[in-house]
Ligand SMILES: C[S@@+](CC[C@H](N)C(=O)[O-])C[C@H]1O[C@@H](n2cnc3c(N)ncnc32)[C@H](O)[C@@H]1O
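Next up is one chain by itself, shown in structure tokens, the form predicted on its own.
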Amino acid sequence: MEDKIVYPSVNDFLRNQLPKHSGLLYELEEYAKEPYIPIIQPEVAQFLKVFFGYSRPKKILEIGTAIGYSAIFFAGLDENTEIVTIERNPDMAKLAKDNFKKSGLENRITLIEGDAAQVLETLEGEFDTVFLDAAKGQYMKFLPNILRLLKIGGTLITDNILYRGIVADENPPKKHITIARNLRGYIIEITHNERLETSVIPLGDGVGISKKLK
């Protein structure tokens, strides 16, 4: 699928300027290549590293664990950060748990297995940051509970929000119509919701940054 957000040559240039990861993060990056497993893109990871350096989140809720890459990355940025992460795929959840143990950060990462829509209903307390990187067509379904759990002044980070630019297509490919329509509706909601201040950044596959105002 063609990337209509950033020219490939620009992406390649920027990625070549980024510091390379080593150890477990590097192993997971290589593991995710074949067969393809979605993890946060390098330029997005670097952006969030800088962003978290300012916001200093103490409690992060992640929706969409996959193999645990982003949870490990976030936990490694600050020894005071705790993460709750949700994954519905049992095979991915098992891999993630194994990777958390390898990282030595498992005492600060709690994985909850199950469908995010159902799990979110049961969660209580407040989170400084919510990182949304799950089933793209379900983002709107998750939003009410995300706003309930996100503290005032907290940040909702939505990854893959532009979906290779397809959300802007008037006539998206047939197999992507539903996801494009749902993501477009989600973008309209978070950019017009009076409880949020939102910026959508054409970085990686698109990143939404929303601050909860009230």
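A residue's number is simply how far along the shown sequence it sits, counting from 1. Remember, predicted model here, so these are calculated numbers, not experimental data.
Beyond the structure shown, there is the form predicted together with the named molecule, which is absent from this document and is the topic of what follows.
- Checking 122-130, 96-104, 138-146, 76-84 against the named molecule in the predicted complex, the stretch whose residues place heavy atoms within 4.5 Å of it is 138-146.
- Residue Gly64 is the only one of Gly64, Pro42, Pro57, Pro172 with a heavy atom lying within 4.5 Å of the named molecule in the predicted complex.
- Taking the partner from elsewhere, every residue among Tyr69, Asn89 and Met92 has a non-hydrogen atom within 4.5 angstroms of the named molecule in the predicted complex.
- At a distance threshold of 4.5 angstroms between non-hydrogen atoms, Gly185 is out of contact with the named molecule in the predicted complex.
- Using a 4.5 Å cutoff between non-hydrogen atoms, Gly165 does not count as a contact of the named molecule in the predicted complex.
- With a 4.5 Å cutoff on heavy atoms, Leu111 does not count as touching the named molecule in the predicted complex; it lies far away.
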